[in-house]
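Only one chain comes next, encoded as C-alpha cells, the form predicted alone.
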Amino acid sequence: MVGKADLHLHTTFSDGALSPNDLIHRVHKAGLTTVAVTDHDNTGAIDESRAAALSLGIEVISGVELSTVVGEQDIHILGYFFDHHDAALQDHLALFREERRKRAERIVEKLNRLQVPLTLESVLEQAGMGSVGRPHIANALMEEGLTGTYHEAFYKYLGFGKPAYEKKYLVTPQDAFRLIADAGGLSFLAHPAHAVDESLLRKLIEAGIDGIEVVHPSHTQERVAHYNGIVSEYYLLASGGSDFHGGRSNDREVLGRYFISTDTVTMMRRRLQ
C-alpha cells in the first residue's frame, strides 16, 4: 500500500521545538509512514528518531538541511540517504556548527552595540544541544521582551540588510552536493519558491543537483505544478514535506498535510542504485 512521506522535519537538534522521540510520535498521529529528519547542519537526531520509530512501523531515512550561499542569497540544500556516520561528513558538519556559533556571537555583539542587552548565554540556552541559528536569537529576543514578536526580531534586527545581520560561513551549493554525494546520498533544492529564481534554478540543475523539493507549505498549487514540470523536463527527482518545526503557530497544522507518496521515495532509492 502506498503511504505518506514527509521528508522535511526539524527537532531540537537544530531549530525545532520537539525532541526526536516526541516528533516521531507526532508523525505517527499524523498518519505518516516514512520521514526524514532534516536538522540544520546536524544529524544527531537520526539514530534517536529511528529508535522511537521502530515500534511504530515508521521508516526514518537519513536527512540533513545544509545552508549554502550564492552571492548574497541563502540557498538551502536537503540531503537524503547518505551515511550519517561518515567521518568526512561529520567533520564538515562540526565545522559548520562552530561557524554558526561564531556568527551568533557576532550578531549578539551587534545587538549590544545597538543598545539591545541580549546575552550569548540566553541564545545558547534557546539552542540547547542543537545547531544555533537566527531563530534561536529571535526567540531569545522575544522571551526577554526585547522584541514584541519572533517576526519583529527579523524585521527589525536579524533579516538581510538589517542592522544586526551577519553573513553566513561561505559554503556553496556545489560544496554541499559533493559532501552529500561522497557520503552516498542525494541532494535536493529546498523550498525553491522562497528565494530561487529561474536563472539560478537552471544553474543549480547544471551543477548537478539530484532533485527539487516540489511540495512545501510555501508553494502554491501553481508552483507545485511548475516544479513538477521542471523535474520531468530535466529527469530530476521530486521531494516534499512540511518543514515542520513544532513551536511556531504557523506550522502547527502542516504535519500530515504536506507530503509525497512513498512511491516517490522508492524512485529516489532506484536512482541511488
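Only a predicted model underlies this, so the values are computations on that prediction, with no experimental measurement involved. In case it trips you up, residue 1 is the first one in the sequence shown, and so on.
If you look for the form predicted together with adenosine monophosphate (AMP), you will not find it shown, but the lines that follow are about it.
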Considering 175, 143, 125, 74, which brings a non-hydrogen atom within 4.5 Å of adenosine monophosphate (AMP) in the predicted bound form? 74
Counting any non-hydrogen atom inside 4.5 Å, which residue from 102, 168, 203, 110 sits next to adenosine monophosphate (AMP) in the predicted bound form? 168
At 4.5 Å between heavy atoms, only one of the stretches 90-98, 179-187, 74-82, 117-125 reaches adenosine monophosphate (AMP) in the predicted bound form; which one is it? 74-82
I'd like to know whether residue 151 contacts adenosine monophosphate (AMP) in the predicted bound form, with contact meaning heavy atoms within 4.5 angstroms. yes
Examine residue 133 and determine whether its closest non-hydrogen atom to adenosine monophosphate (AMP) in the predicted bound form is within 4.5 angstroms. yes
